[in-house]
Structures are given as structure tokens and as C-alpha cells.
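Here you get one chain, nothing else, as C-alpha cells; it is the form predicted on its own.
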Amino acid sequence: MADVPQDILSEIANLERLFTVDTAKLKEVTEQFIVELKEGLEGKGNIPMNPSWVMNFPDGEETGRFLALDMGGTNLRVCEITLVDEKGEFDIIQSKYRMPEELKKGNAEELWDYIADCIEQFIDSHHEEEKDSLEVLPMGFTFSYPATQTYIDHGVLQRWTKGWAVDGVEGEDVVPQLEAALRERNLPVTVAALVNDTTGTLIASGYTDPAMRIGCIFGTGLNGAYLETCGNIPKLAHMNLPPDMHMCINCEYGAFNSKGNHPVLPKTTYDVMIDEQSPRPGQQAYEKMLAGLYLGEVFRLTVVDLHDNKNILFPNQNIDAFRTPFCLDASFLSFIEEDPFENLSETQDMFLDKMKIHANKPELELCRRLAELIALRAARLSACGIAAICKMKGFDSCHVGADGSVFNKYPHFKQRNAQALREILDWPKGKKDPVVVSSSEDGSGVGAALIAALTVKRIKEGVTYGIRDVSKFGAPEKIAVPEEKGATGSIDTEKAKEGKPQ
């Protein structure tokens, strides 16, 4: 950077101090993460640690036809998955629908009516001739927002995340709302399981990989899931579940370190601004520093600050294109990092075309470094959640299935995340990484269908604990076990223990 002016070099050095997360800080964050994961299992603290009522991995013998509805932060996807006789194999057809922006700030009736309309379009498209004679299809509903689940086929939305704020859904059970919209259209579909995308990622990955222990999402939002034993979940103690029975925990650890007396996240002024201006201030602190929804906003706020208050970037130019909140997403930073030219000509063209800014070479160098620093911080901090689960569960080696646009598409994210894991867990240099994070199977589609299949299978086997509407799938006579007063359902203890060893 010999041709970069001193004021730009000084500001780059300042940004490096601001956004760099060293090994000591990574370890500090991880240790506090373990504390908060355990608190969540006790029913207190920041991280919900929601029991998902998914009690085992598929064994590859599941068969049948299932729907999967994937309601993410940006798109809606409807899939039909046929689990065939060949072990571990499946066929899939799918359609994707855009979630209109106005829907995200609308009301519950509009949301569910739109989703039911998309499902109807899917059935009309793929089953036009047999629509009237189609048997009821069990559906796994991937609902990628924090929900309290007393049953696998029901869930109460705790709070919207990812910028959503639909009226009439928070604090409500989302399954009856969706099924009411499906009944209005006489659609042959019923919800067998409400699935978080992270739980689906874990189950789908475990379907093909016996070493799988953790599922993660790094996309619009972020999250983690793993299999816990019920004896390690104090908040379920009143249910008298067998202590060695498995339960998939949907951590919802984007809420890590949001409140409390031990703040460890290395927040900048820009992170604080994002939180204060968000629909949910004081929530999802970890997510707001790492998730794809926020990376572009951190970049935007920094650029505006360097223009307005420091006169470092784009002096005497109109930067109104940067003044709209969330006008930039993670792909903007990704494009900058992937610019292959020494003079950053592609970045320069993008600034001119998209932002109407004439950027010179030193300004482009600063923006390139800023994009790298923001993304590097996200990748490194994202390793803390994985490391915390590994340390808490004693996983010396395992596979982690990860999904999401940031993990799969952002340049260097995987390598940066892996390097941070090496530093946190003190692995010796030159040896193969014992914990490997790799792209997962389709958790929100195939994973949701597999969980629907597992739910129907459990009902038919009499393992009905944690399933509310067993009559929809012809439940057999139930097997009684000790349970809390007022609870419903039952469980075959031996069958419930089946699953991946911990």
C-alpha cells in the first residue's frame, strides 16, 4: 500500500484494532458460551436451548412421501421428498417462492394465507391429475425462528428474528394458524413436525454421516443444534424422562450474551447502533455481530461514519445511497473480497453503478480491508458456539454439518472458521483437524421431511411422547410411562433410547 495516503493507512490500522478478535478473546467468549448453554438447559439465562422433541437420528429405513415447507428469512420453499427403499436414498421435487417484504411487517392472516397459497400452487403444479384423490401428506414445517415446543407438532413463537415483525404470531402456536389456512383451501396436508432449520440440518447430515454431532446455520441468521441426554436437561426433570434418552436441542444461540453481568462480545460502536435501531433492542446480540443480515449493515455504518465524521472516505461526494438502513447485504462484501484485480476495478465499477460513488484506489483499499475485517470477525466468532458445544459435551472429534448462504458462499469463511477452532481448542499444528465443519445436507428440506417421517414412525411404534396430535396418523394403543401431572403422550423407553451415542 505504498501509494496509500497516511490518513487512510492510519484509519485502516484503527479498523484493524476495532474488528480484530484475537485468540484470548475467542477463548474468553467460548468459556462464557459454555456457562450460558448450561444456564439455558436449566431454563434460565440468554440462550433458550429449546427441546425439539426430535429424539433420534433416522436409520435409513424410513420410507414414504412427505412434504417439507421451508420458511426462511428471504424465501419460501416447498419440497416433496420421497424416501425410497434404498437405504439413505431419496427423490426430491421443489419450488421456491419469494417472501414479499411487506409480508414481514404485516399480520398473521396475510402470512399464513400466502404460505397456503404457495403450497396449493405446488400441489396443483405437481399433482394436478391426482389432486382430488391425493392421500394426506405429512409435512415437516421448517420454521427458522425461536419457538417453544412442548410437542414436536406444535410450537409457540417466542420472538421474531431476522428483521421480521408480523403481528399476531408472537406468543401464539404457529401450527394451528397454518393448518387453519390449509383447511380453508381443502389441501391434503397436515403438519407432522415443526422443525427449526438447524435441527433439520443436524438430522439430514446425520442421515448420511454417522460421525455427525452438531448442526449449524450461518446465513441470514445463525444457530446451532446437537443431541443432549435428558438427564442433562434440568428444565425437563419434572417430566421424568429416562436420563439416557436423547433429545435434540435447538440452541437458538444467536441470543448469546445479550444480557447479564458478564459481557464478553467485542462490540463496536456500529454493533451498538445496529442493536439500538433494530426491532428488538437488547436481543440476539451474537447474531447481530455475525449473521449475514447484519454484515452489510456494519459495513454501511462504518462507511457513513468515515465520511460524515472523519472525512476519510468520499469527501465532497453525495453518499445518500449509503444512508438507507440495510441497503447492503453480505453479498456486497463478498463481491469486494472476490475482486480479482490489483486495482480493484470491479469494486470501483460496483461503487459507481450501485452507490453512485467515484472511489479512488486508496478508498477502495480501505473498503476492501473493512470488508475483510468484518467477515473475518464473523467467521472467527462463529467458531465459539461450535467450540463451546464440543467442550461442554466432551467431543474430542466429530463432524459438524453447516448450512446457510454465508457458510456456503462467502469467500474464505470456512477456512477462517476452521482456523479459529484450531486456536480455541489448542489443536497441534500439522495434524488433521479432529472437528471438521463441512457443508451439510439440505436440512430445511430433506431434514424436515426426515423429521416428519421419524414422527409418523414413532406414532406407529407407540413412541408418542412429545407428539400432541397422534390421531392424525392413526396412533396405536399407547405405552404408559411415568409423566408429570397433566402431561399427555407416552413413550417406549427402549425405543426412545435409540439414536446416536454421545
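Keep in mind the model is a prediction, meaning the values are calculated, not measured. A residue's number is simply how far along the shown sequence it sits, counting from 1.
Keep in mind that the form predicted together with ligand GLC is missing from the display, and what follows is about it.
- Using a 4.5 angstroms limit between non-hydrogen atoms, R369 is distant from ligand GLC in the predicted complex.
- At a distance threshold of 4.5 angstroms between non-hydrogen atoms, E365 is out of contact with ligand GLC in the predicted complex.
- Although the partner is absent from this view, E120 stays clear of ligand GLC in the predicted complex, with no non-hydrogen atom inside 4.5 angstroms.
- Contact annotation for E297: none of its heavy atoms lies within 4.5 Å of ligand GLC in the predicted complex.
- Heavy atoms within 4.5 Å of ligand GLC in the predicted complex are found in one stretch of 190-198, 301-309, 81-89, 260-268, which is 190-198.
- Residue in contact with ligand GLC in the predicted complex (any heavy atom within 4.5 Å), chosen from Q284, Q149, S205, S382: Q284.
- Distance criterion of 4.5 Å from any heavy atom to ligand GLC in the predicted complex singles out Y145 from the list W112, F407, F395, Y145.
- Shown without its partner, the chain has I217, G221, L222, N223 in segment 207-228 as residues with a non-hydrogen atom within 4.5 angstroms of ligand GLC in the predicted complex.
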